[in-house]
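Read the single chain below, which is given as structure tokens and is the form predicted alone.
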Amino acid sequence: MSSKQPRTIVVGGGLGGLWACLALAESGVAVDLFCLFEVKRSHSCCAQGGINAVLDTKGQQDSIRQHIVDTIKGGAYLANQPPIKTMCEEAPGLIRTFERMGVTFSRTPEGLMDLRLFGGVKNRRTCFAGASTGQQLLYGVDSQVRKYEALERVKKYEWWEFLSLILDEEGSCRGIVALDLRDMSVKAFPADAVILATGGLGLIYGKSTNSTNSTGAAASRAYQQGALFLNGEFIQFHPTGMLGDDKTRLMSEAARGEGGRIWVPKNPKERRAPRDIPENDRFYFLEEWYPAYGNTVPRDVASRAIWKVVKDLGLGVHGEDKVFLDLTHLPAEFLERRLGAILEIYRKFKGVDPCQDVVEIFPAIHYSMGGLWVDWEKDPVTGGMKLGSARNHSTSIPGLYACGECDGAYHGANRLGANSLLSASFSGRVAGQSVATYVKGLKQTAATLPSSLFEQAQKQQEEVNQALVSSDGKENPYVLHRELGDIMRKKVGVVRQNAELDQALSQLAELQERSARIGLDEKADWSNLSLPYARQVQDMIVLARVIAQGARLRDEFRGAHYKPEFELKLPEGKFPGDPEYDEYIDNWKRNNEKWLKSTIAKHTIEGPRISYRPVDTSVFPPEQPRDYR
């Protein structure tokens, strides 16, 4: 590249990455886009239910302020609030931009933008394109990026995997080393800034609703090179996961938003077909326990309720880990029009028509609220990195930015449904605009740096690959991954106990030690699929320790992080003014004084070093407990 013209790299071709590319290209900055596969297969395609924005076409007097409050409250107050405020304020404009890109949102008969109900809110706020919203949004943005691809401002590297950052002597990011997955060749790519938009980490838990490429390995590699990791312990379990032997698949929250009901038979020995069980013999537990929200309580609340019904009350269907999601009371034509894509998924993988029979579901690993810590800026006096007010999506490594699910900026302790597509789009645009400003202010471009910097980084990764291929170690990466998933699901799951977390940490440390002795059956230098997988397993174990360590040290119940031992229970039948209620509020405030803070993980050879930072609550200070009853 020209030594005078800045060039950037975006890693990840989902919504966040494509928006970052678009913002950079529109600013006149050249972009190299790296993706593990074709961009249109990115995991954003799998987001089914919709994207939140206050348009109020239903006349419910919805407001942007309420969207902000719902998001902050949904995250149990743990996210810094000013970025949330800006995201919600810009959401309606994003929807209009998507429309101009050609996204065909579902409409009312009058031609207005249709809206559906989603979890944790009382107003219809979710825009949708049937039940394939993520796919439609992804294709819309990609069509815009391809325009700049034709103008040679964007170059796509599909089927390339990010291996490491290239850091200069000052610790600034100056490019990446990547692996060509078609022939296993390694190459260094200079850049003046890098944006990671590499998605989630569900494969750390083995089975998840995520794509099988959602390993978190890229974020783990950045973390191991010095990027700080935020709130790793907050992992979302989606309450309505479709059971499967190979993986879990998602039955979108849209199913509940459109009127789906969750229930179990009151008699655990019930053997009648679900349609033959009368209403009086059904336990609609979400509607009974949370009458204000019913089946549209937030995901962490619904997941814990299902866990309680199955594990504590012993009411799982046929004594197994599953409950019913029922759509059969809704007209089939309505379901096909509003939820057709997810109905087809269930028909294909279960051989059952949800229009005619109930769906069997159970909580499944779905989303990481935590991620790389962003919101840093360069101190103009010292030149070092400090916490900033710019909300620019810079990580703690100068020149490295992050957006989408791999950053931890917007969701705190729990994400509200349909805020993921919003945060990915918004954060990608912000990151792209921020990087465009950053690179234009650099005094020296990466192209003018000594070639030895890039040659050395490339050689180092080639040596790592060669060591794995030539190793005679006895550890099988597939076995290690299976064990990793078992540990995380059983001991760092919906319900957490300190004794089990201690066991998990010990087992993960042992697993990491064993992962240094991996041996591969495949020894080829090209097209060796075991090689990238083995490296991903090693990096997943490192990030698993961050999740487990953060969970072990946080002795409270907040959002998706649930330790029953530390739960503060609202006294039944008590109200403000009652001594028991006032005592509960006092305890809740004391807990916030201790634990309303972000978990920050720093990588060391011994394991993650945990520290804490305060949360900016300047927009909506926590004055009342999070309650959905």
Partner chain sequence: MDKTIHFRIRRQDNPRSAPYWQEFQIPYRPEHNVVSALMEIRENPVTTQGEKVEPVAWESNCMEEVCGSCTMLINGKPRQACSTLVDTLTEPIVLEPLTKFPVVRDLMVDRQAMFESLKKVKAWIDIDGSWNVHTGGPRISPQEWEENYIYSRCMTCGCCMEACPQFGPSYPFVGPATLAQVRLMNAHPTGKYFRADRLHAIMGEGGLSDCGNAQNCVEVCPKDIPLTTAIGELGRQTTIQMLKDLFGPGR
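Numbering follows the first chain given and starts at 1. Please read all numbers here as calculations on a predicted model, not as lab measurements.
Omitted here: the form predicted together with its partner chain. The next part is about that form.
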> Between the options Gly316, Gly130, Gly206, Pro83, which residue brings a heavy atom to within 4.5 Å of its partner chain in the predicted bound form?
Replying inline: Gly130
> Considering its partner chain in the predicted bound form, which of Asn213, Thr445, Ser396, Ser164 comes within 4.5 Å of it through any heavy atom?
Replying inline: Asn213
> So, in the predicted bound form, is Arg65 in contact with its partner chain at a 4.5 angstroms heavy atom limit?
Replying inline: no
> At the 4.5 Å heavy atom threshold, is Phe37 in contact with its partner chain in the predicted bound form?
Replying inline: yes
> Even though its partner chain is not shown here, does Arg100 get within 4.5 Å of it in the predicted bound form, heavy atoms only?
Replying inline: yes
> Heavy atoms within 4.5 Å of its partner chain in the predicted bound form: does Asn528 have any?
Replying inline: yes
> Any chance Leu228, Asp472 and Arg629 all have a heavy atom within 4.5 Å of its partner chain in the predicted bound form?
Replying inline: no
>> Only one of 600 to 608, 65 to 73, 37 to 45, 575 to 583 has heavy atoms within 4.5 Å of its partner chain in the predicted bound form; I'd like to know which.
In response: 37 to 45
> Does anything in 226 to 254 come within 4.5 Å of its partner chain in the predicted bound form by heavy atoms, and if so which residues, in order?
Replying inline: Asp245, Asp246, Lys247, Arg249, Leu250
